[in-house]
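Just the one chain here, the form predicted on its own, laid out as C-alpha cells.
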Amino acid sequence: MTLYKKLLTDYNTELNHSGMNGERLATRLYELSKIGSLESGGITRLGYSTEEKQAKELVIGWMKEAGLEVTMDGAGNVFGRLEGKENGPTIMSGSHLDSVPNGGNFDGPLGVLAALEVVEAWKATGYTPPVPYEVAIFSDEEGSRFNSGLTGSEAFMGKLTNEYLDQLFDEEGKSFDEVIKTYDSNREKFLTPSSKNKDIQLFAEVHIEQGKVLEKQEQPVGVVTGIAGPAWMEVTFEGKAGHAGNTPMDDRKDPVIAAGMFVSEIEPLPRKVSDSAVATVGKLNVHPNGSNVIAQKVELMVDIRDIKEEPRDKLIDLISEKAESIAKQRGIEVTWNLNTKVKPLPIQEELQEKIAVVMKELNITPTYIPSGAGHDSMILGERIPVAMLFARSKAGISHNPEEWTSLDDCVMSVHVLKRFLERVMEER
C-alpha cells in the first residue's frame, strides 16, 4: 500500500475545512516519500545530497503554484514569501527535508508541508495575512552527511566559521567545499548569514513528537515547552590491565567495574535537578577489549540534556562528581571533559499559552511537552522568538521506516498552526 493510500485509509474528511485539504497534504507527503525511497519503506535523503536537492525542488514548485516568491541562500536554505497587507516583521514557519539513513517520512517534511498548507488554506479562503509570511526549508538538519546537524539553520543565523567547515568531510571523503558546489554555492556565500536581510517576528515549527506522551494522553497535538540543549561528557576510567585468570579478585583495578557502577548510578541523578532532565550512556569502549583480559581503560560518553540551562549544568556537576567518587572508591584514575555543550531553549510561556488557547478552541486538551531532540527552532531561538507544536507519533517511533503520524493528526497540527499564526499576526 502506498503512503498516500495508507494516510487516507482512516482519514476523517470533516477535518477538510477552513481551506485545509487533507488529500492535498497526503499527496505531497507521498510525492516526497518517493525521493530517496528504500525497499524498507523508509528514505535516505542526506543533507546536501542529490535527493535533498530534488525534494527542495519539488516543494519549490508547490510554493510557486501557491503564489509564493521563492529564494535560496548560500546554505541551500529555501524561503517562500507571501506578502502581507503591511510590511511589518515577517512571521516564518517551516522545518527540513533531509533525513537520517533509512529514516521516516514525517520527521521534517510535516513541518515544511504544514507551513505551506497554511498558505494554501489562506489562498482558498481569500485571507491575506496582516504581515509577510515565509515558508522555510532548512538544509541538513539531521547532520547525517557530515556527522554535524543543524547546518542550514546555523549558517542562516551566522553561527558557523571557516575552522568548523574545514573539519567537515563525508563518508566518501568529499570536503564541505566540494559538496556545496552542487548548490552553485561556495564557502563565502555559505558563511553569509541571510537572516541579516530578514526582520523576523516569530518562527513557528510543527514537528512529530518522536515520543509517546501525546499517544498516552490521546491528544493529536501538543505544546512544546522548550528544546533541550545537549552536553556530551567524555569520561575515561583507567585502571591496570591484567590476566583474567591469574589476578586475584582482591588485587584488581578494573575500570569496567567502575564504569558499570557509574552507568548504574547515573540513572537517579536527573530527577534530582528537574522533571525534564535526562542522562544517557549510549557509547562505551573497553580497551584492550579482550575476553580474558582485565581492561586497562574504559571510555564512555554521557549525553546530558534539559530544556533549562541551570538544572542541566547542575546535572553535569552531579555526574562528574559521581565519576570522581567512584574512581576514588575503586582506586583507579578518571578524567572527563565536555566536548559539546549547546544552550537549551526554553519557549516563552506567552507563546505556549497562545497555542493552548487555540487548542482549546479546537477541542484539544493542551499537553505540554519538552523536546529532548534538537531542532532548527533551537538555533533560530537564540535571537528570534520561536514556538513549536508536536504532532502525535505512533509508539514514539522516529528515525525509522515505521515512523508514523496519522493524517488526522497531521491536519490537526496544521489547523492549530494556522489559527495560532493568525492570532499572532492580528494581535501584534
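Under this definition, the rigid core comprises the largest set of C-alpha atoms superposing within 1.5 Å between the forms. Remember, predicted model here, so these are calculated numbers, not experimental data. Heads up: residue numbers just count along the shown sequence, starting at 1.
The following text describes the form predicted in complex with another copy of the chain, which does not appear among the structures shown.
Trainee: Residue-level question: is residue 305 within 4.5 Å of another copy of the chain in the predicted bound form, judged on heavy atoms?
Mentor: So residue 305 counts as contacting another copy of the chain.
Trainee: When the contact criterion is heavy atoms within 4.5 Å, does residue 147 count as touching another copy of the chain in the predicted bound form?
Mentor: No, residue 147 sits far enough from another copy of the chain in the predicted bound form that none of its heavy atoms falls within 4.5 Å.
Trainee: May I ask you to check whether residue 372 falls inside a 4.5 Å heavy atom distance of another copy of the chain in the predicted bound form?
Mentor: Yes, residue 372 is a contact residue.
Trainee: Verify the contact flag for residue 210: yes if a non-hydrogen atom of it lies within 4.5 Å of a non-hydrogen atom of another copy of the chain in the predicted bound form, no if not.
Mentor: The answer is yes: residue 210 has a heavy atom within 4.5 Å of another copy of the chain.
Trainee: Would you kindly say which of 338, 284, 191, 357 lies with a heavy atom within 4.5 Å of another copy of the chain in the predicted bound form?
Mentor: The residue from 338, 284, 191, 357 that makes the contact is 284.
Trainee: With another copy of the chain left out of view, which of 158, 130, 260, 101 would have a heavy atom within 4.5 Å of it in the predicted bound form?
Mentor: Only one listed residue qualifies here, and that residue is 260.
Trainee: Partner absent here, but in the predicted bound form, which of 252-260, 345-353, 161-169, 117-125 has residues with a heavy atom within 4.5 Å of another copy of the chain?
Mentor: Stretch with heavy atoms near the partner: 252-260.
Trainee: Just give me the residues of 268-294, first to last, that have a heavy atom within 4.5 Å of another copy of the chain in the predicted bound form.
Mentor: Sequence-ordered list: 270, 271, 277, 278, 279, 280, 281, 282, 283, 284, 285, 286, 289, 290, 291, 292, 293, 294.
Trainee: Rigid core aligned, does the Cα position of residue 292 differ by 2 Å or more between the shown form and the other one?
Mentor: Indeed, residue 292 is displaced by 2 Å or more.
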